[in-house]
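Okay, so here's just one chain, in C-alpha cells, the form predicted alone.
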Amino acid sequence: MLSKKTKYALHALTYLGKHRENKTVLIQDIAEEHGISHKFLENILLELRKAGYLGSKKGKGGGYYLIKEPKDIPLSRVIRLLDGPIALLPCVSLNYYEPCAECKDESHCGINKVMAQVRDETLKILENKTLQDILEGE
C-alpha cells in the first residue's frame, strides 16, 4: 500500500497540475482542499522540490509550482522517492536489495520468483504512468 505521505504527495502534485495557470499555489490551499496537515504537507513539498519536481517562490505571490510537465513525472519515481522500494520483498528489490534472512537459496525460492514477477508487472505500469494520466482521470 502507498503510505499517506505518498498519497498526499500525489494529491498535491495533482492539485498543482490542475492549477498550473495560476503560476504558484499556497500550501494552505492544497492542505485545506485535501484535509492534510499544513506542516506534514510542507515537508512533502520540500522533498518534491529537492527532487526537482517543484519550484517555490517566497513573498507576495509566492507558493509552489510544477517545474516539470505532468507527462514527465513518472509515478514510479514519486513512489520511490517517498516510500522507497516498490518491490514487496527486499530480496526482489532493484534499488533496495537485501537478502531474506529466512531464505537459504534465492535461486530455488518460489516466493522470490513470484514476487519478482509481481515487481516487474507493477513497474511496467508505474513507469509508464505519469502525473498526466492522473490529471486526465480527474
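Residue numbers here begin at 1 and follow the sequence given. Computed from a prediction, not measured in an experiment: that's the story for all the values here.
Keep in mind that the form predicted in complex with a further copy of the same chain is not shown, yet the notes after this line are about it.
Residue 109 is the only one of 66, 82, 109, 41 with a heavy atom lying within 4.5 Å of a further copy of the same chain in the predicted bound form.
a further copy of the same chain in the predicted bound form comes within 4.5 Å of a heavy atom belonging to residue 33.
A residue is said to contact a partner when one of its heavy atoms sits within 4.5 Å of a partner heavy atom; residue 46 fails this definition for a further copy of the same chain in the predicted bound form, lying far away. When contacts are judged by a 4.5 Å heavy atom cut-off, residue 7 counts as touching a further copy of the same chain in the predicted bound form. In the predicted bound form, a further copy of the same chain lies farther than 4.5 Å from every heavy atom of residue 27. In the predicted bound form, a further copy of the same chain lies within 4.5 angstroms of at least one heavy atom of each of the following residues of 109 to 136: 109, 110, 111, 113, 114, 115, 117, 118, 121, 122, 125, 126, 129, 133, 134, in sequence order.
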